[in-house]
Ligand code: GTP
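Next up: a single chain in structure tokens, the form predicted alone.
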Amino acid sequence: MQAVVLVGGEGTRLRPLTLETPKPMVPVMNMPFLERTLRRLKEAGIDDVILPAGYLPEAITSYFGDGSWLGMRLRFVIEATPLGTAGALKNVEQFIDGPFFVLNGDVLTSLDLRAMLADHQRTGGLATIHLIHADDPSAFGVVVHDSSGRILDFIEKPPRDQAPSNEVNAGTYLLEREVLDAIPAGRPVSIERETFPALIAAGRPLYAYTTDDYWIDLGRPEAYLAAHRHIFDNTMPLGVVPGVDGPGRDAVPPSAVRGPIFVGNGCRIAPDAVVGPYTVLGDNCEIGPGAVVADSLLWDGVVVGAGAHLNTAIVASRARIGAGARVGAGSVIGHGVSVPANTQLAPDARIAATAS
């Protein structure tokens, strides 16, 4: 069994975080999200993975190499121009030799891939598409199927009061290789808007696999923050220990902890600082005296000055928050940004480093 993980997106909704870091390398509990996805595939018995990449690909390829350190075989195919979900699959056709999973590179889910494979084998369909229930299906592709699970129609982002179902496309597919024959080469193609509807119109059997698993698209800052809260609360199980977890947990002064928190290696935290709840510190972060960091995600090497306050913020690597600064809720601070002392940042601020 093989898998294709789509990692070509630019992550524009996550900027400025993705100006230096491609979206698949954005950390989740201090591990690149793509690494978590690959480890999940490995646990499901899938160790042959093809990765169509396009945006800042060297950051991905240099980290993973050929995948041997994960016990996997990884092959990267760099897209000169974006090809869409189906176009990307057609572009790696030469590496695919049988049924294969397709995973969107920005979806965090607890889906059991082995169970999905068993269902695909049971139905004998050309494709199996993972669906979840959405409270508001208007932001998604709604899938209509009969009582056997055979898909009858795709309706992209219908008005909420006109949606025929609340079952939506969750972005994980299990495809027979024959699906690739239905994808034209050499141009961008959407599998959701073009390939799947064409196969249904031709009478080909596509089946729904609907579950109540955890699912979230990490592509927006508020979703990225929410996913970490869900991990801390074990709504999305990643094995995080309640209270204080992470390789640097023993170095955290107990007086500073407001759990749950996750702490990387080499962090330095003042005893009278406050860290947490729902806070992640990357490696080598420094939290100064009297500083407060709550409900926030700090990447590697972030320095928070004395008396600074962060709440519901995301701070990329090497940024410095000056003493006494106040970072408004929902703010996103880019790589290497220096926020001057005593600055008052408005809520939802987006700050990127200026070129020198």
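Given the structure is predicted, the values throughout are model-derived calculations rather than measurements. Counting begins at 1, following the sequence as shown.
Although it is not shown, the form predicted together with ligand GTP is what the next lines describe.
From the list 227-235, 252-260, 78-86, 128-136, the contact stretch for ligand GTP in the predicted bound form under a 4.5 Å heavy atom rule is 78-86. Of the listed positions (Val26, Ile50, Ile46, Ala53), a single one reaches within 4.5 angstroms of ligand GTP by any non-hydrogen atom in the predicted bound form, namely Ala53.
Gly105 is the sole member of Gly276, Gly105, Gly264, Gly141 with a non-hydrogen atom within 4.5 Å of ligand GTP in the predicted bound form. Residue contact with ligand GTP in the predicted bound form: Glu10 places a heavy atom within 4.5 Å of it.
Remark: Ala3 does not count among the residues lining ligand GTP in the predicted bound form, judged by a heavy atom distance of 4.5 Å or less.
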